[in-house]
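As C-alpha cells, one chain now follows by itself in the form predicted alone.
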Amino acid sequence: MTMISRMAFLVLALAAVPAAAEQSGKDVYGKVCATCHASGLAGAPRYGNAGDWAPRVAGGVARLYQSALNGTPKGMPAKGGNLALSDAEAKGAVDFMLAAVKDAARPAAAQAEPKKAEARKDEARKADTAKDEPKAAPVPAAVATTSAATTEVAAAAPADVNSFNRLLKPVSKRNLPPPEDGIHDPSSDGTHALQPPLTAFGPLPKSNAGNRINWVEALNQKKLNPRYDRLDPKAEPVVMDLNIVREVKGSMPDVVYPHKQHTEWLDCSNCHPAIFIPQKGANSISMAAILMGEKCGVCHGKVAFPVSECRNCHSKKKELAVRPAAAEPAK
C-alpha cells in the first residue's frame, strides 16, 4: 500500500468513528450544575426556586447563557468548572433549570406590582392618620441637623453585616421549625406536625458550629442510638477504629480523618468508592473542592459541621524543626 493510499484509508477510518453524543441539559445539570444549584451553595439560584431565579431571568436568557459559558464574578466557574462541555451542552443545562421555574419568566416588575399597590395604600392610610394627629413642636435647627445626620448614617448601615456569609447565620435563623426552614412544605399539615429542632436538640450537648449540636459527643454519651439498617432494627454497625493522616504543606496542622466517629454513624458504602477511592494517594482533596461541595464538602457545611471549624480536622500538630545554635567564633 502506497503512502497516499494509507493516508486515504486513515481519513476514511476516522470519518467512520461516530462523534460523542451530546449530553442533554438534564444530564449536565445532574453531573455538573447540581453541586451548587441543588442547595444554593455560595448564593447560586436553587433549582426549582422561582424566587431565586426571577431577578436573573429579568436580565434575559442571553445573559444567563453568558454567565454559564464564561462564569461570574461571584464565583461560578466557566461551564460550572467542566470545560469539556460544549457551548450547546452548557446552554442546555440553563434551559433545563429555567424550565423548572416558569413563573420566574414573568418580569420582576410585574411580580412586584401587587406589593407596590399595597404599599401605596399603606401610605395613604398613614397620611389620613397624620391629618388627625396634633402638630409637633418645632425642633431647634442644631438638633434637627444632628437628627438628620444620625438618620442618614443609620440608613447607610447594612441591616445585617454578616448576611453575605452562609456560615454565619444569626441566632434567630438557626434550627428554624419545619414550616419556616425553607425545606419543608409550609402548606402541608404534616409539616406542622413535625417536632421543631430546638425542642428535639434541647437535651443534647452543644457546639459552637453548624446547627450548634456536638453530635459525636451526643453519641459518646449514649443520647443517640443510630439505626444501621432500615429493615433490621437489631443490625450492628461495622465500626473501624482507624485514623487517616493527610500531611498539609506549610505551618497548618495536618488533617486527621477518624474512621471511628464516621463509621459509628454511616456504612462504608456511603463514602466508598463514589466519594473517596479506598486507595492511598488516589484522592485529590483541596479546600476549593470542599467549598464546591465535593469530597468532604458533600456533608460538611450541609449536614455536618462547616469548614469554618478548621481545628476539628487540622488537629495533628507538626514537629517544628529546631534551628541549630550558631557556633561561637573562635577566640
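Sequential numbering from 1, following the sequence displayed. C-alpha atoms forming the largest set that superposes within 1.5 Å between two forms make up the rigid core. Since this is a predicted model, take the numbers as computed values, not measurements.
One more form of this protein exists, namely the form predicted together with a small molecule; it is left out here, but the text below deals with it.
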{"item": "Contact of residue 39 with the small molecule in the predicted complex (heavy atom, 4.5 Å)", "value": "no"}
{"item": "4.5 Å heavy atom contact, residue 274 to the small molecule in the predicted complex", "value": "no"}
{"item": "Residue 259, heavy atom within 4.5 angstroms of the small molecule in the predicted complex", "value": "yes"}
{"item": "Residue contact check: residue 77 to the small molecule in the predicted complex, 4.5 Å heavy atom", "value": "yes"}
{"item": "Listed residue (185, 232, 236, 247) with a non-hydrogen atom within 4.5 angstroms of the small molecule in the predicted complex", "value": "247"}
{"item": "Rigid core superposed: residue 295 CA moves 2 Å or more between this form and the one not shown", "value": "no"}
{"item": "Rigid core fit then residue 64 CA moved by 2 Å or more between this form and the one not shown", "value": "yes"}
{"item": "Residue 230 C-alpha moves between this form and the one not shown by 2 Å or more, core aligned", "value": "yes"}
{"item": "Pairwise C-alpha change, residue 286 versus residue 45, in the predicted complex against this form - closer or farther, 3 angstroms or more", "value": "farther"}
